[in-house]
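Below sits a lone chain in structure tokens, taken as the form predicted alone.
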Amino acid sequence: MFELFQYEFMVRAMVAGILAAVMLPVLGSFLVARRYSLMADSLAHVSLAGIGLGLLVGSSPILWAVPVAIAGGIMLEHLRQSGRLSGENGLAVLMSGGLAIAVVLAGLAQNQSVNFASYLFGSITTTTWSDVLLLSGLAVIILGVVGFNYRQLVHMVFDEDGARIMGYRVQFLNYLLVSLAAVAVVLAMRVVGGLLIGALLVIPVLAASQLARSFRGTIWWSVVLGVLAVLGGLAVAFYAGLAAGGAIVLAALVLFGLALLLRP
């Protein structure tokens, strides 16, 4: 049963998956509270455009994907705050536009199609220790930022106007939240892939909301359920020969179903 721990690539995959399962639900708790559940999918599709651009020019895809995703998230938040476009409409435009650009660029970089597919569907078993180190650093930053600004973030996501009246830096916090989400989505793509990354950010939070009695409890429960989904999905994928990304998302859906049944 524990033979998967004998393989170094599985150990790296588990460590990377656990790190993603910690930081994504933490950010997802605030995005879901703001009814921005599709933000992760939109940012993932935009970052795929950056990855396609990196493959086209023969450079590191991640180095292109991070700034492109951050720029897309900040642009979307700016349009929402200015009132020119509602949140839902902006997400739809960002998602479809980003994916369209990604497909076109991937087609132009035909010799890199295999690499692009790994970002689409995930390739957690090819995770390197460098990837794990990057995820670790980002997880520390995210937890530190959320912990330091927790009260302001909670006030902002539930009552943005009230947070402005209280003197909180609402605009800065909005941009900071979407920027952290953009970087997290890009670096966690190898876990489940760009097309499924939103599930790991949202589903554990929705499941946790069925069990928790407070917002802080929702964050804790979402992390626990996210970790269980990653470990369970990886174990099933290893022994059944399934795609790791899909298995992780299916495990998260199973936990969501159980949370609905066990809802107090």
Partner chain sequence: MSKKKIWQPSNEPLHAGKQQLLLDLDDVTVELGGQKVLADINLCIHRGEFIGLIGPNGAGKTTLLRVMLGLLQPSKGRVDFADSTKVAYVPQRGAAMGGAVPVSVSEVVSMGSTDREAVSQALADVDLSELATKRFGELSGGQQQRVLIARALAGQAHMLILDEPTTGIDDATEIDFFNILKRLKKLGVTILMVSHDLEAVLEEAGRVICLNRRVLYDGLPQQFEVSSIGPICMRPSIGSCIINIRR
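Note that the structure is a prediction, hence the values are computed from the model and not measured. Positions refer to the first chain, counted from 1.
A second form of this protein, the form predicted in complex with the partner chain, is not displayed here; the remarks below concern that form.
A.B. asks: Going by heavy atom distances of 4.5 angstroms or less, which of Ala212, Ala237, Ala199, Ala49 would be at the interface with the partner chain in the predicted bound form?
C.D. replies: Going through each option in turn, the one that passes is Ala212.
A.B. asks: So in the predicted bound form, is the partner chain close enough to Met166 to count as touching (4.5 Å, heavy atoms)?
C.D. replies: Output for Met166 is yes: heavy atoms within 4.5 Å of the partner chain.
A.B. asks: Spell out, yes or no, whether the shortest heavy atom distance between Ala33 and the partner chain in the predicted bound form is within 4.5 Å.
C.D. replies: Ala33 belongs to the contact set for the partner chain.
A.B. asks: Although the partner chain is absent from this view, report whether Ala65 comes within 4.5 Å of it in the predicted bound form, heavy atoms only.
C.D. replies: No, no contact at 4.5 Å.
A.B. asks: Please tell me whether any heavy atom belonging to Tyr175 falls inside 4.5 Å of a heavy atom of the partner chain, as the geometry stands in the predicted bound form.
C.D. replies: The answer is no: Tyr175 has no heavy atom within 4.5 Å of the partner chain.
A.B. asks: Can you pick the stretch from 175-183, 74-82, 95-103, 156-164 whose heavy atoms fall within 4.5 Å of the partner chain in the predicted bound form?
C.D. replies: Result of the contact check: 156-164.
A.B. asks: Determine the residues of 215-234 with a heavy atom within 4.5 Å of the partner chain in the predicted bound form and present them in sequence order; the list may be empty.
C.D. replies: Residues within 4.5 Å: Phe215, Arg216, Thr218.
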